[in-house]
Every structure is written in structure tokens, then in C-alpha cells.
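Here's a solo chain for you in C-alpha cells, the form predicted on its own.
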């Protein structure tokens, strides 16, 4: 998708469709008979006048995500005017704006409209608005129907953002948002692929191809290296599959970056998860192709970081394998020795993500990472706790968490911090080994995080459990059903924060 910045007067923009946000200015909730006080969020009088008649008719309420298309709007060069409901003025933020840009794209795609211009609304800082519009447009443009024989190319070719402000600053904001949007969609594309077309080997090939395109260093290691590194936890998961595992390392090491900090991004790359010997129910297992979404998020984030070029060293480690039941597979009751030397009693072979991450975290520390973030579709328990709205975030260091919270304010992604109290450690004690890999049903997301904390040790560390948010269970007006690409935007902002 081509992205264009325009400083023109909105009414003078010649486009297939001009999109404008309309807001309800009324402060109080309306009664059944009260009409909303709806206005277009622009200072362009011609655009407001073109929308006035349909607004006055009551057809446009300003309700969030409402879309109304006007043809041949009076006194505008645009062929169409799209009114997008943003809800109450007092509640409208860049998060809603980002979604509205997705609504605009998804509304226009099936109508054969391949380009649009979007007016940055009044009330939101211009650079923030530009980023939200471009980011939302990329999210809205993605569809998961990759292998449908009747697939129609409905992609939007170009989005123009009409804004006011310093051109150089706005252009930088637009360029960065384009890079992040493309990278988020790369993550979604990787997670969307079926497991026969996204094996660990193929995931590594895709990562290396991306690295070559953007100037990252990429190293891929196989089973022999995993064994040489004594990654017993990782290999314990990988040994059950005929598909070889892949240890993927991506390096962004700019010459002008200080020696420290070094940010380590560790991703779970389970390209298909049957549960192993502790096999999952058949119902819904097909979705387990997305169990590498954490690893995909790290690949997407590294793509964006390489192009945005923050002055901080970043190393990504993605542990990719299948989790399969076979005569070679690990069994409940087995004991594995992790790279760190800790012994792990395997209680449930379906608690495999934390095993590969354990060795990934240890290896990232060995490579010199001073700060760690891992991302994984780790537990169903986090979905029970937070549903499909917020992802879970855990941290062993309050300063580290505060940095991430600040990144969330800029990214607009929804994460909720969950506890890591020492008392939870009792749930993962083993009688035969140092720890067990599953603390049972209660507090499952927390005990999984406590397990990982053992391998982060004293290194400042954040764990992102994205199991409930990495896959959209149903289509929304701004995003297709399927992979969401969550965490990419936040990880990029987090890395930028380390650069000062």
C-alpha cells in the first residue's frame, strides 16, 4: 500500500473517496428521543457543509464505527465522502482513530475503491493522528484468504493522509507508521500460514529473507547446535517431530549504538502444537498453526526496528519447532536439563512453550542481552483471566515494566499487568527435579510466568502472554478474523524508548 502525505485543503483533494471522522459533541447520554450533536472533526467548511444535510437528517448518529458513504459531495473534488462515526468527542482518542482507518479501508475494499484520502481530525496531535491513520489502514487491508481459489484482489493501493503541521515531522511519522504497519502484517502473514507451509525450516527461511532485505544479520541453527548448547528443554519439545527444529537469531547492531543496553526479544515459535503426548482435543486444534505468533511478532518487530534505526542493540531469538506425539516424543514424568542447568520435570507435554522459551531466554543472556522481553501464545489461562481484549504482561522489574507501559501509551495496544508473587513459586516445585513445567489449573498464566522467571534470573525481564489476543476470533469492522499481529507496535516503541 502506498502512503502519501498531503498538506492540501481537504476540499481540494482529488480522490476516489475522502474520509472524515464525525463526532457526537453532546456531553451527557441521550434519551430515546434526543438527537445527537454530530459534527465533522475538521475545520474545512466545505467538508462540513457537504456532510451537514445527511447529518441533519438523523441518518448519521456519530456512533463508533458507523460508516456512511455520500456520492458526488457538493463543492469537493473528491468523488465520494465517507463519514466515520467516532463516538463521543470527549472519549475520542488515537486508538479509536486507528480503528476508524481500518473501518474505512474494510468498508471501501469490497466496493472496488482502491484509494482514499483520510482527514486527520482536529483534537489529536497531528503526528499522532498520522501514525494512527496509516497504522490502522494497514491493519484493515489484511485478509487471511491466502489459498482461496476464488480470492479477489481487493487490496487498497494508496492511502493519503490530509494533515496540517510541519511537513518534515509529519513525513517522518508517516514513514515510520508505514514500516510498522507492513511489519505487523508480515507477522500476521506468518501466523496465518498452515503448518505444512510454515514449518520451522520455512519460518527460518522467511526470517532470513526479511533480514537480507532490511540489513539485519541472521543466523539459523539446527538440532546439532541445539544439542551442543545443551538446550535440553528446547530439544525435549523438538525430539517428537520429524520436522527439524530451528534456532533463529536476528541481530540489529548499529555502529552508533552504545555497548549497553542490549535488548533481547525471545519468541515462542511452535509452528504447530498438538500438545504432544498430552494431546489436545481435536476441536479447534487447527488453530494451533498460530502457536508461533510470539516468534512471528519478534520477526516483525525486528523488521521495523531495522528500518526505523533506533540507537540501541537488539537481538531476537526465536525457538522454532513442532510439538508432536510420536515414539520419540517426551513423555509426562520425563526430566529435562535446560541450558541453564536447571532440571525440569515434565508434567504436561502441552506446556511446551515455556520449555523452548526457557532455553531461548538463557541463550539471549549468553549472547549479551541485558534486558529481555519474551512473547508467546503461552496459556489458555490468560484467556480465562483477561478474555480476548487484553493480553497479559508480567515483569520482574518495575522500571522495566514502566518502560513498557510508556510504550503501550504510544502503541495503543492493550496489555494488563498480572502478579509474580513469590508464593506462586510453590506451585511449580518438583520432588524429583528443580521445577515442574505445569503448576496446574489455578493461576495457570501466573505459574507459567513464574516458570520463565526462573530462566530470566536477575536480568530485567518482561513476559507477554498473547494467547487470547494474537488471533481475532471474529471479524471486526476494522480487522479481519484471524491473526492480529499484536505486540509488534509495542515492541518497536519499547526499543525506541531504550534509544532515548
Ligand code: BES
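In this text, all values refer to a predicted model and were calculated from it rather than measured experimentally. Numbering follows the first chain given and starts at 1.
Here the subject shifts to the form predicted in complex with the ligand, a form of this protein not shown in this document.
For a residue to qualify, one of its non-hydrogen atoms must sit within 4.5 Å of the ligand in the predicted bound form; all three of 280, 352 and 467 qualify. None of 322, 96, 359, 291 but one reaches within 4.5 angstroms of the ligand in the predicted bound form through a heavy atom, and that residue is 291.
Contact annotation: of the candidates 184, 330, 192, 379, the single residue with a non-hydrogen atom within 4.5 angstroms of the ligand in the predicted bound form is 379. Taking the partner from elsewhere, residue 348 is found to have a heavy atom lying within 4.5 Å of the ligand in the predicted bound form. The shortest heavy atom separation between residue 268 and the ligand in the predicted bound form is within 4.5 Å. In the predicted bound form, the ligand lies farther than 4.5 Å from every heavy atom of residue 48. In the predicted bound form, the ligand stays beyond 4.5 Å of every heavy atom belonging to residue 459. Residue heavy atoms within 4.5 Å of the ligand in the predicted bound form occur in exactly one stretch of 393-401, 280-288, 74-82, 158-166, and that stretch is 280-288.
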